[in-house]
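Same chain, two versions here, written out as structure tokens and called structure 1 and structure 2.
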Structure 1
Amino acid sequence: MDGTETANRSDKKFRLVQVGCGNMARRWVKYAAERPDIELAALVDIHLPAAEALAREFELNVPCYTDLGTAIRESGADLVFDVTIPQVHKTVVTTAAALGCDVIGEKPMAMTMADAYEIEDIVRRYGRRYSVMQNRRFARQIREARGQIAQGTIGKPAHATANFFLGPHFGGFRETMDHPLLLDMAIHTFDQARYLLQADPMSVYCHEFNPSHSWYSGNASAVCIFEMDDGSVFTYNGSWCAEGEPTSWQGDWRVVGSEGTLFWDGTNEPYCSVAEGSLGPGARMLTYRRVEPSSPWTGREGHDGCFDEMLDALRDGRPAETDCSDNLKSMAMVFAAIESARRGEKVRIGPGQAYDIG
């Protein structure tokens, strides 16, 4: 790449169409409005009044459409923000890529693994980029927890576990989905496990169920055991119909390594507890000392942090940390877990398997 290309790239302005103008859309429009290098050119929603209301709320003088293709063609957009419901992500992303746009979209990539593979394939064939919002791996605390693991504070990770127990009464699409917890929420926790361990899944055994008191029509609880490709095991206990003593939305984490344990409850600062000294005469337990994170995370958090990374990647012409090809691995954890629960047996993930993640 010569100097002219670098200059052109850093001067680039994105011409954006945002599709999906519901609850989450506000956060996306707000981010776009704050960036001088993004020009919001149009809003799209199948329900036109939703797009018009969002434009009014943010005092945006932009045309509103019900059809994404028309919006892209008439605005000359090169970037699409997809904040629609999961059922339409495939249509949105493939339409946008076919019309020459890169896409940044809300999780989950798709409603089935087959659709997720197909989306990645289509995006690649059109030579576009598609990155997925995985805001929970951009929390400052999880970045600092990862830093402690990377520094070797707990030695080699062997066993990670996340407890996730909450009782949200959402109403809307989540209460009628078949797998609300695994598909709409656990994607975050599974993606966090991959991030914390920097390891990918090799198999899963899952028991998914819907307690009799649940207010969801699909299964709102699950227990999963994943074997990871670094030799560690990740276990997940989750429920979206658990009333009382909620965990944080980040999950309540423990990563046990050869030298000690990383602990993070998702709210308070993470820390490690590491063994010191040697066993005294007659003693059964070592003593432990607490180690605080030593490398502060200075990036932005949550959605903003993930947006920053996805747009930097587009500018740099590289895949984002949450590029769709990476996100397929977190998606595979979700769909292999659903398949394991259906079959009542362990399901393999990896090259040559039904859940092939390369």
Structure 2
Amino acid sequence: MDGTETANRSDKKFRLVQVGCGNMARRWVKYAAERPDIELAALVDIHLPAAEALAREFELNVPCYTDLGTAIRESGADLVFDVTIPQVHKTVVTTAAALGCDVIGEKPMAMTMADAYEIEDIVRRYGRRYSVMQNRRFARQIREARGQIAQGTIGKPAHATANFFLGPHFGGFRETMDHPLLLDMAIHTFDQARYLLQADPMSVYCHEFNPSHSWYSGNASAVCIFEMDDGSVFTYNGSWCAEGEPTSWQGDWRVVGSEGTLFWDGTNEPYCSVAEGSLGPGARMLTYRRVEPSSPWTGREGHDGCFDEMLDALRDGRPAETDCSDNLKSMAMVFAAIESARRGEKVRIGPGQAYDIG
């Protein structure tokens, strides 16, 4: 790439249409308004007053629409933020791609794996990019934990486990879902496991259940065993009806390697406990030394960190870390786990695999 191309790329200004103007949309609009390389060109919501209210709140002099296609055509947009409900992500993303827009959207990609694969195919067919918000990859501590693993501090990872035990009383739709924990929340933890291990799932065995004390209608607890393609195993133990001693929303993590263990409680700094020395007479265990992260994460965290990566990827002409093709693998972990629980047996995970979650 010559200097002219580099300059042109750095001078690019995205013309943005945001579709979906509910409570979550505020964070997305705020981010867009703070970037000098984004020009917010229109707001879209099926409930027009919601779009107009969001425009007033942020003092945006932009047109508001109820139809995404019209908004894209009239604004000349080349980027869409999708902050709609999951049931319409497929329609939003495929409409935007067909009209020449890249898309950055909220998770999940779709309500079924079949729809997710179709979305990926359509986006690629139109030569566009579609990236998905996975903000929990961008906590500073998990980036530093990944750095320790990448440096070989614990040797080759063999067994990762995440414990997730909370008792949120949401009210509303989550408490009536069939699979509230796995379908609404677990993708964060599953995606984090893929990030930490830099490995993808090959199979899962899941037992999903609803304890007698649960205030959810559907299964609010699950235990999963994933076989990963690097030979490691990831186990997930989770509940959304666990009162007392809550874990972090990031989960409580151990990654056991050939030379030590990485530990992260989801709140405090990660560290490694590394074996050293040799067994003395009568000793059954080695001694261990604590190793703190040596490469601090300097990027932004959470939503902002993920936004930065997705926009940088568009500028660089590369797939984002959370590109739809990558995110399919995290989605597959969710749907395969639910099918495994339904069938009571191990389920294979692979490209193009669809799942029946009942």
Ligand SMILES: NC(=O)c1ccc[n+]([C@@H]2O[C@H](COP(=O)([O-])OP(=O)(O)OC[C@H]3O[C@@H](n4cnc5c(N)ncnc54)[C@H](O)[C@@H]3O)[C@@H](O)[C@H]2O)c1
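Structure 1 provides the reference sequence; residues are numbered from 1 along it. Under this definition, the rigid core comprises the largest set of C-alpha atoms superposing within 1.5 Å between the forms. Remember, it's a predicted structure, so these values are computed and weren't measured experimentally.
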| property | result |
| --- | --- |
| Of structures 1 and 2, the one that is the form predicted on its own | 2 |
| Rigid core superposition, residue 270 Cα moves 2 angstroms or more between the two structures | no |
| Residue shift check between the two structures, rigid core fit, residue 216 Cα at least 2 Å | yes |
| Did residue 179 shift 2 Å or more between the two structures, C-alpha, core superposed | yes |
| Core-aligned Cα shift of residue 352 between the two structures, given in Å | 7.4 |
